[in-house]
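Have a look below at one chain only, the form predicted on its own, in structure tokens format.
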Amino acid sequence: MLCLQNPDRMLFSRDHRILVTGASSGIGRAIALRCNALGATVIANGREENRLREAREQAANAEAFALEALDLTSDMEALPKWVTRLRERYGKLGGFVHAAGLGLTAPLLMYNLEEAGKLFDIHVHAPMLLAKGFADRRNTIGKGAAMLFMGSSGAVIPQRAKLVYASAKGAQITAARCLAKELAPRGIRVNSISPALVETPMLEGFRTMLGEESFTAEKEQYPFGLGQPEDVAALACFLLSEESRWITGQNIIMDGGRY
């Protein structure tokens, strides 16, 4: 697994195309940049094109870093056809990463159906419809292709005030495992990564909810410190590459020794 620590080693060829949602910031951006640095052509998706442009400015191979701005929840039924248009524009896809997401920290008494619906849309419905488009034989390279979903340790290890967020992520993880079984005969692998606290913009909501004193106490529970987006990106690239060709249907928790 030296590939995880050696960004100069090419894991992908230029004609290996990877769609990364949520690529404008945080973990999604880190994955998109690392895949690009390791040789892949990245199709970077996010809601705001200006933030995608900022990400491309950091890319090692900007000419192989395509921008596709789209709000994934604006017309979810059209997402499979959108993936088909991407294939028509760039060629067949070899990888798909769903890192787009929303955070929500709220106790049961603040349960809101509209807010819950938004989380299930972005964490379950949208990624499954994207997966439907990706799995279309016309759109994917088939054997050797890989899907990767960003879960959360909170979906496996209960946390207070994470009822809706953890439930949506849990549904996504289970769906990914079902896809792994369904697509294995075609040589398509499906895995999830479930990080604990990673220093991204989404972390701020959790920090505000806990308060500074409680947040500091929580940080002290991580023997290796809080995670960085690049930590997750290293594992993501491995799981997307042929070096993990015997791994599918897994949900890998990354927690820096917290749990």
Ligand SMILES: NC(=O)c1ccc[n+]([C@@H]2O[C@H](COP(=O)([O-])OP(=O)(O)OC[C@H]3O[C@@H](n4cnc5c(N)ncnc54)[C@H](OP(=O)(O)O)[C@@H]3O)[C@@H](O)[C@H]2O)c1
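In this text, all values refer to a predicted model and were calculated from it rather than measured experimentally. Each residue number is its position in the shown sequence, starting from 1.
One more form of this protein should be noted, the form predicted together with the ligand, which is absent from this view; the next part is about it.
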request  = Specify the contacting stretch among 86 to 94, 121 to 129, 105 to 113, 183 to 191, defined as having any heavy atom within 4.5 Å of the ligand in the model of the complex.
outcome  = 121 to 129
key: Of Leu70, Ala62, Leu210, Leu67, the one that lies within 4.5 Å of the ligand in the model of the complex (heavy atoms)   = Leu70
ask   = Any chance Ile27 has a heavy atom within 4.5 Å of the ligand in the model of the complex?
value = yes
task = Examine Glu54 and determine whether its closest non-hydrogen atom to the ligand in the model of the complex is within 4.5 angstroms.
result = no
message = Since only the chain is shown here, I'm wondering whether Ala23 would be in contact with the ligand in the model of the complex (any heavy atom pair within 4.5 Å).
response = yes
query = Does the ligand get within 4.5 angstroms of any non-hydrogen atom of Pro195 in the model of the complex?
reply = yes
task = Quick one: name the residues from 32 to 58 with any non-hydrogen atom within 4.5 angstroms of the ligand in the model of the complex.
result = Asn45, Gly46, Arg47, Glu48, Arg51
